[in-house]
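In the form predicted alone, a lone chain appears below as structure tokens.
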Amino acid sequence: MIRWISGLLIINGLIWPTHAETLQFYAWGGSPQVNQYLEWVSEQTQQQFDITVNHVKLADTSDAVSRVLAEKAAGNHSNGNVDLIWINGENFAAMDKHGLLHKNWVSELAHFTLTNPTRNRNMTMDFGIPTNGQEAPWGKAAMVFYFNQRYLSRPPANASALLAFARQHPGRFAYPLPTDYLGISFIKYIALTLSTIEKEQLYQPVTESALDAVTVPLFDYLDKLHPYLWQQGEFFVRQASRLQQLFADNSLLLSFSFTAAEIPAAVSRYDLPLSTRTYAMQDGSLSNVHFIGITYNSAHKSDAMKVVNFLLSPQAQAKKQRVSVWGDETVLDMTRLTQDQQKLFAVDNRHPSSLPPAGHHVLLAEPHTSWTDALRKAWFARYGEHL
């Protein structure tokens, strides 16, 4: 039962506070680098704007989406607990569908123009859906692979070579279940590189005929790959973090991530071998932009906009891009920055495990968000029975 009484949200008898003296930023909390960066953000916003940013650490962003939806159902339209939310893809589509985001605010940010949105379409598109000013771009990421050069001199350069690698080294590669973000990302990478349909169809809402056409080569590939995976494809890890552990203990010769900076950071912590090296597949790297939204019922929209504008500043974007801090690629267009601002992004003493400069060969934009659930369901229909 959901009730709204005297400024409190009551859900199944539990009382949830709906207002705090600080700005509530709901964001994934599974990365020490992200958490430390947001602590720095809060320090900066306190000094510059007298605004404290409280990072509410999430295991799953959908939990925050559900909370805002519950507040709306309870009639709380002006005093929500979630002010800012780090989202993209499926969660943005859900919030857009239910009207849970503040509208038409992004163009008012002074630093948004530095993303050059008229030239960079990805700044206003989220998994194939127009953002319509409901969320601001925050960072970019693309899939990378990594290997231990002590044991592997020539890692596979494309999907076809990856299959050959798996056959040559049975049990030494794995991908997570597609319930995990990295797992479904791997499936989308294979689907995009093998697809024979018109690419534009992948950036439109999925249809049954298009899905059938895409899954034929996808499943043919996975049918051949699975017997040579870790545990012969009979068992899949549930979380991406487990891949790094398997690689660290040499169970896997090859692994992958959606965050290039994660690899040198792990090496620096001695979580991965010093001989680990990062690279990108030549046939393409699945890539996307991640965003920040302001909820429709935030009581602190003006303060929230100040914080997001700061997050888009050259100062904040440059710090976030440093591998030693986070390594999240900036959304700013360097041609829009002054020479002094560009110098903030200069990289000194690049870590040997880092992705080389211009390491990505081809960037593959995320397909329309409807493809994510469709591919996940199709995967479980074919392979999920024995899991």
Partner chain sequence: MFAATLSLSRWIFILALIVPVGAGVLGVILPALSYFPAIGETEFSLDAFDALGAVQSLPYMIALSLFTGLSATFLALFGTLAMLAVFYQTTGLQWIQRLLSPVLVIPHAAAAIAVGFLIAPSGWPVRLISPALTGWSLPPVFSPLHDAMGIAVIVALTLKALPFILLMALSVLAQPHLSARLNKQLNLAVTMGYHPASTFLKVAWPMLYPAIRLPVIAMLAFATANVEIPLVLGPGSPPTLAVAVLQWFNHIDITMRLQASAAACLQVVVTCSAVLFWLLSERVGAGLISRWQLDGNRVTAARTLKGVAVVTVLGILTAVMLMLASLTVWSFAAHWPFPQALPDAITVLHWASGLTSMQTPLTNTLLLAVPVSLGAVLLSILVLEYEKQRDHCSKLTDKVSGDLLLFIPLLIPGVAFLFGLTWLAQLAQAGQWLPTYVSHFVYVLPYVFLSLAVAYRRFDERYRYVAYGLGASPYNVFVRVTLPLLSAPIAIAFALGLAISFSQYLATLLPGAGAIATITTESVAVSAGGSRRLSAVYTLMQMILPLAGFVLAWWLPAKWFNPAVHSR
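All values derive from a computational prediction rather than experimental measurement. Positions refer to the first chain, counted from 1.
As for the form predicted in complex with its partner chain, it is not shown, yet the points below apply to it.
**Student:** Counting only heavy atoms and a 4.5 Å cut-off, does its partner chain in the model of the complex sit next to every one of Ser160, Phe165 and Gln282?
**Tutor:** No: no residue has a heavy atom within 4.5 Å of the partner.
**Student:** Verify the contact flag for Ser107: yes if a non-hydrogen atom of it lies within 4.5 Å of a non-hydrogen atom of its partner chain in the model of the complex, no if not.
**Tutor:** Although its partner chain is absent here, Ser107 would stay clear of it in the model of the complex, with no heavy atoms inside 4.5 Å.
**Student:** Verify the contact flag for Gly89: yes if a non-hydrogen atom of it lies within 4.5 Å of a non-hydrogen atom of its partner chain in the model of the complex, no if not.
**Tutor:** Close contact is absent here: in the model of the complex, Gly89 is far from its partner chain, nothing within 4.5 Å, heavy atoms only.
**Student:** Could you tell me if Trp230 has a non-hydrogen atom within 4.5 Å of its partner chain in the model of the complex?
**Tutor:** Judged by the heavy-atom cut-off of 4.5 Å, Trp230 is in contact with its partner chain in the model of the complex.
**Student:** Quick one: does Leu253 come within 4.5 Å of its partner chain in the model of the complex, counting heavy atoms only?
**Tutor:** Taking the distances in the model of the complex, the answer for Leu253 is yes, it comes within 4.5 Å of its partner chain.
**Student:** Which among 234 to 242, 301 to 309, 69 to 77, 121 to 129 is in contact with its partner chain in the model of the complex, heavy atoms within 4.5 angstroms?
**Tutor:** The contacting stretch is 234 to 242.
**Student:** Counting non-hydrogen atoms within 4.5 angstroms of its partner chain in the model of the complex, say which of Leu100, Leu192, Met143, Leu272 makes the cut.
**Tutor:** So the residue touching its partner chain in the model of the complex, by this definition, is Leu272.
**Student:** Name the residue from Lys199, Arg154, Arg150, Lys224 that puts a heavy atom within 4.5 Å of its partner chain in the model of the complex.
**Tutor:** Exactly one residue meets the criterion: Arg150.
**Student:** At 4.5 Å, heavy atom to heavy atom, what parts of 155 to 172 sit next to its partner chain in the model of the complex? List them in sequence order, or say none.
**Tutor:** Those in contact are Pro170, Gly171, Arg172.
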